[in-house]
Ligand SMILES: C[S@@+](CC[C@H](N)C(=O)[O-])C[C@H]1O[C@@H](n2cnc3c(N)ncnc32)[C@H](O)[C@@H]1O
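Only one chain is shown below, in structure tokens, and it's the form predicted alone.
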């Protein structure tokens, strides 16, 4: 699998600067990314992604876009859900290091050669024509869009009419005792452990800050509506630690 060559775009606007910072951050933690996901979520991230793919319900012959593909787990779960059904997935991510790890993981899998393609890119400027995908997935990536509104509009543009989008994001537990523990864990334990193992403490301070600033549930539903989506539903998982959103074009 051939990956695109890394490029360093000019970072003039605030959005471009944020995109560059996010790209460099994920490049720096890519090597330990899977380990930390499993460790810091106690393995629940595996179930959350599979719930996401179950909600997507891939069908024979469909074409999917996985934005912020990371190391490729969602794309591989799409094939595990519906193997041998002539499905194709294109994964995009701004981090070339993440894409390299995804390529290695895909090559070691039983997915048919050529069924998953990778490209370096961002949600705000998807290099695809209008209405070319049956479904789009984004797992823990919308928080990192330099412009969530622009990224969601791009997702809407490249979906076929009737196509579905499924987003998995961190949320905020509703129950007060759990909410208190969640905040303690996210703001103290996670940055300490994540920074120590990854070697980049700033990256794991960014995570709780970005989760705290992210619009959840009804607020995120409004962003999807503004982007043009309909039939929007959301459901919490694991007491509201994460939320799954689904929408239709």
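Positions refer to the first chain, counted from 1. Not measured: the values here are computed from a predicted model.
If you look for the form predicted in complex with the ligand, you will not find it shown, but the lines that follow are about it.
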{"item": "Location of the ligand contact in the model of the complex, chosen stretch of 157-165, 172-180, 109-117, 122-130 [non-hydrogen atom, 4.5 Å]", "value": "122-130"}
{"item": "Proximity to the ligand in the model of the complex, single hit among 102, 152, 74, 89 (heavy atom within 4.5 Å)", "value": "74"}
{"item": "Residue 135: touches the ligand in the model of the complex, heavy atom cutoff 4.5 angstroms", "value": "no"}
{"item": "Exercise: residue 145 in contact with the ligand in the model of the complex, heavy atom 4.5 Å", "value": "yes"}
{"item": "Proximity of residue 26 to the ligand in the model of the complex, heavy atoms at 4.5 Å", "value": "yes"}
{"item": "Exercise: residue 65 in contact with the ligand in the model of the complex, heavy atom 4.5 Å", "value": "no"}
{"item": "The ligand in the model of the complex - contacting residues of 19-50, heavy atom within 4.5 Å", "value": "22, 26, 33, 37, 49"}
